[in-house]
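First comes one chain, alone, set out as structure tokens in the form predicted on its own.
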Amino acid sequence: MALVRVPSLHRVPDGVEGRDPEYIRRILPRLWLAFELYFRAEVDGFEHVPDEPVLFVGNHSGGASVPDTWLFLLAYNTYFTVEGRPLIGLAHRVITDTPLIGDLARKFGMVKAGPHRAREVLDQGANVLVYPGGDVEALRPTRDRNRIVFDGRKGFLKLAHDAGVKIVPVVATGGQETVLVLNDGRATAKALGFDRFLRIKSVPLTLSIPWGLLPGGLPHLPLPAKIRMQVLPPIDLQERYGDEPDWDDAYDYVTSTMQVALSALAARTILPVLG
């Protein structure tokens, strides 16, 4: 009796090792065109990025589908080319552990969020993209769509300072108009214990396609909102604050700089979703 050999499931490695330049090169033109048309995307300011490893710090939007993250990855690889300095994004385990989506994310260089992994990638000479607000910001109420919500998290500051790299802020509007978030879900996540056991910090009520009204946020079909992104000039924490920064002061400076830029970008929106 012949034995049937069942192929094993191969998990794509992550980070610089898992990034697949040939795959990105092949799929990039189609994905970029699709995102550009669907979201009427505008991404400006890449001329501010220095030719050295940096920590991109962005405001997070769009629930579990995070269209602004994908848009930035596509725009970066289009501007700097696939052969340029790799961009490695830190993502929640909901993204990296999801079948198919997780493999796609790892081929684009995404890694599961964590400070030690981020430092390792920076030391390899790659750029790193982080969203300090995480799911709290990505699932903030729609009424707060144009607010920076980092929830007091300062780990990104210490990462950039210890690694000796500049912070390059990135602000975006429109992503939080791709899903309707009805309330702040932090208290619900804490009451259910999700913050301790699943590292999920927010479980709000959301209205999305195809799920309708749902507690929490599953990957959904984003509404075709216009997304604008602006890359800001770099911030050198070591130059500004020296060897022993006041982290509260540094946090206030970075978030206020981003908030001013985000508010200016949001002022260009005439009507939500339509842009």
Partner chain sequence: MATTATESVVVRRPLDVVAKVATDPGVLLPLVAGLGRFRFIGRLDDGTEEWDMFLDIGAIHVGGRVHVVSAAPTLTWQSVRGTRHSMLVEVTEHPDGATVTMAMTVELGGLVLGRLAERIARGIAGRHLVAGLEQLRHHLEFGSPR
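Numbering follows the first chain given and starts at 1. Computed from a predicted structure; not experimentally measured.
What comes next is about the form predicted together with its partner chain, which is not displayed.
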| property | result |
| --- | --- |
| Proximity to its partner chain in the predicted bound form (heavy atom, within 4.5 Å), stretch among 22-30, 216-224, 60-68, 229-237 | 229-237 |
| Full three-residue contact with its partner chain in the predicted bound form, heavy atom 4.5 Å, for 260, 266 and 272 | yes |
| Contact flag, residue 17 vs its partner chain in the predicted bound form, heavy atom cut 4.5 Å | no |
| Touches its partner chain in the predicted bound form: residue 147 (any heavy atom, 4.5 Å) | yes |
